[in-house]
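Okay, so here's just one chain, in structure tokens, the form predicted on its own.
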């Protein structure tokens, strides 16, 4: 008897199975929208897909009367810039401190408890403090992403480095490697795939911190736009923006996965598909 766990779909079947849930969700939405519009032609909660497509096309192709910019692309550019800076600084922090905690017992003894405590602080609780200290400009938003993501990356990377077999460290030292050489030649190559995987897991929280900061204090950005139009119940803007944010996050996740598998194929040998 063939077990379900051993049935592997082919490439065509994978595409079909992947698209099926999305098609089902769209179908349910169309039914719900049509039903609500039949009851109330002015209903704004579930606008038709055609209406949302018209609105988002206008925002992407027609300059705003007040600012003269293409609103969708201006918001996207502002948000991606903040997100990129936040993730970049968080990744660098996670790599440096994570390697230090994982490789150096003195550093681990002195700073591991502090990192553990910092990782338990809800980043959103610090947002008012960040606005007071750094102002309402770009810096506070970037710092929020760094504070929200970096402790997780640090702890995850430190545990990954700490799990490297001690035999590898002993062999490196036996061959005359210094601490710095051992970090670069033994720990770093094995830590990089894990760092990229941890970064993939951080994309969702990073967008959460970004949207929250933009909703409170910003003059542009995806989160700013969503919370600006909510007062008008403009679901024809909000729903496409949420879908656009989701697509951006998915593309970023996919790009990181491709980079990880392309740069470190040995780390994914034997991976279940």
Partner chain sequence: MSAIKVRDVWVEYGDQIVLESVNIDIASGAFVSVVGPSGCGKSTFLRMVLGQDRPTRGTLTLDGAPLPAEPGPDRGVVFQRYSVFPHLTVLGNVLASYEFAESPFLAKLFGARRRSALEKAKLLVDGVGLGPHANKYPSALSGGQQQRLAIAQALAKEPKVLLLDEPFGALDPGTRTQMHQLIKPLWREHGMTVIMVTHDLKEAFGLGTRLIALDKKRIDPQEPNRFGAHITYDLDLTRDGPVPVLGFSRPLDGGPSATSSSVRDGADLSARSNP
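What you see is a predicted model; the values in this text were computed from it and never measured. Numbering follows the first chain given and starts at 1.
The same protein has a further form, the form predicted together with its partner chain, not shown here; the description that follows concerns it.
Interface residue in the model of the complex among 106, 175, 117, 125, criterion: non-hydrogen atom within 4.5 angstroms of its partner chain: Of 106, 175, 117, 125, the residue with a heavy atom within 4.5 Å of its partner chain in the model of the complex is 175.
Sole residue of 84, 110, 189, 135 within 4.5 Å of its partner chain in the model of the complex, by heavy atom: The residue from 84, 110, 189, 135 that makes the contact is 189.
Stretch from 95-103, 164-172, 150-158, 72-80 whose residues place a heavy atom within 4.5 Å of its partner chain in the model of the complex: Stretch 164-172 is the one.
4.5 Å heavy atom contact, residue 265 and its partner chain in the model of the complex: Yes - in the model of the complex, heavy atoms of residue 265 and its partner chain come within 4.5 Å of each other.
Contact flag, residue 269 vs its partner chain in the model of the complex, heavy atom cut 4.5 Å: Although its partner chain is absent here, residue 269 would touch it in the model of the complex, with heavy atoms inside 4.5 Å.
Contact of residue 139 with its partner chain in the model of the complex (heavy atom, 4.5 Å): Although its partner chain is absent here, residue 139 would stay clear of it in the model of the complex, with no heavy atoms inside 4.5 Å.
4.5 Å heavy atom contact, residue 201 to its partner chain in the model of the complex: No, residue 201 is distant from the partner.
Sequence-ordered residues of 178-196 touching its partner chain in the model of the complex, heavy atom within 4.5 Å: Residues within 4.5 Å: 180, 181, 184, 185, 186, 189, 190.
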